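Coming up is one lone chain in structure tokens, specifically the form predicted on its own.
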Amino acid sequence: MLIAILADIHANREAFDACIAHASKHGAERFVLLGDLVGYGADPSYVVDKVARMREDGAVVVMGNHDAAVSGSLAGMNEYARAALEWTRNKLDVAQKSLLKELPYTHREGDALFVHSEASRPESWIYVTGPAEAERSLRAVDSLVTFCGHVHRPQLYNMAPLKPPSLFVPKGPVAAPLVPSRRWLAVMGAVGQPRDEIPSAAYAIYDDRKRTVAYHRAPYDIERAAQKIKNAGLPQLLAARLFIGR
């Protein structure tokens, strides 16, 4: 089965819809959402409601730190994230907040583990920024492949027995084979706020039969998404960064 894996949607309706359409065009039969449905963007209600419908159709959804912060603490968030989350809290109704609060930290399915951040302590929201964090995550689980998000930059790590992890930075939608003699950590780019200097929305397609992962980009209407952020009175930086992917 071809499974589209999306992370860090961040209330960006235009990017979310573009990725779903792009993935469906490329044969995706199912969706997995790796958290941070909200925060930063101007369409939290739309995204949460759409995710609720997707769950009814079999999509897997795990919790991200911004999702947790809607009903929890804002500690550790920068000023822009705090401002966006305070705004988001006033835009979501009780049912929408309840959906976010009740999401699981992880989901295991066959040879794959799905989580928002580093897998050894999912609730601590650790960023995978290099081999050290990747190794800790890989050693904490026995799955062939772990899929995570959180850092907004696509990366693919693999680790052979008795060796440190190796890093590959995907540059295009070429299917990478997940060789079973190694462990794999597939870090997704962001749907709603890429930070790898490529503005188009990022996601991946996992073939659980062939055991391959391909990283994709989906162009979307950045102008519209950015203007919505400005119109909402959210920090202007959140709009400006969409154009440069940083």
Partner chain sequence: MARQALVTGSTIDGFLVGEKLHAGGMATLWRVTRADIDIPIVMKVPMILDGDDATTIVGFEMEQMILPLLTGPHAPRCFAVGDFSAQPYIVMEYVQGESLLPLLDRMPIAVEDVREIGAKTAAALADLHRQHVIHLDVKPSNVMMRRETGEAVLIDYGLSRHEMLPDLLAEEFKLPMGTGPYISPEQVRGNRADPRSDIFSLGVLLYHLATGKRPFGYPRSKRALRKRLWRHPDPPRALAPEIPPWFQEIVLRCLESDPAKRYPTAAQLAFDLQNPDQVRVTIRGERTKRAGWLSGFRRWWRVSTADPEPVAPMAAHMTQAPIVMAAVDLSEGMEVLAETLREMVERLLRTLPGARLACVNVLRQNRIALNYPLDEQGRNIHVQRLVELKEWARPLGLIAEQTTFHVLEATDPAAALIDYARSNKVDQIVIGARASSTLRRYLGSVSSQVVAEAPCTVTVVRAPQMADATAEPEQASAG
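Positions refer to the first chain, counted from 1. As the structure is a computational prediction, the values presented were derived from the model and not from experiment.
Although not depicted, the form predicted together with its partner chain is the subject of the following passage.
J.: Check for me: heavy atom within 4.5 Å of its partner chain in the predicted bound form, for each of 160, 176 and 179, yes or no.
T.: Yes: each residue has a heavy atom within 4.5 Å of the partner.
J.: Flag residue 106 as yes or no: does it have a non-hydrogen atom within 4.5 angstroms of any non-hydrogen atom of its partner chain in the predicted bound form?
T.: Close contact is absent here: in the predicted bound form, residue 106 is far from its partner chain, nothing within 4.5 Å, heavy atoms only.
J.: Indicate whether its partner chain has at least one heavy atom within 4.5 Å of a heavy atom of residue 156 in the predicted bound form.
T.: Residue 156: yes, in contact with its partner chain in the predicted bound form.
J.: Is there any non-hydrogen atom of residue 120 lying within 4.5 Å of its partner chain in the predicted bound form?
T.: Although its partner chain is absent here, residue 120 would stay clear of it in the predicted bound form, with no heavy atoms inside 4.5 Å.
J.: I'd like to know if residue 74 sits close to its partner chain in the predicted bound form, meaning any non-hydrogen atom pair within 4.5 angstroms.
T.: No, residue 74 is distant from the partner.
J.: If the cut-off is 4.5 angstroms on heavy atoms, which of these, 126, 141, 167, 83, is the one near its partner chain in the predicted bound form?
T.: By the 4.5 Å heavy-atom cutoff, the listed residue in contact is 167.
J.: At 4.5 Å between heavy atoms, only one of the stretches 199-207, 51-59, 182-190, 22-30 reaches its partner chain in the predicted bound form; which one is it?
T.: Heavy-atom contact with the partner occurs in 182-190.
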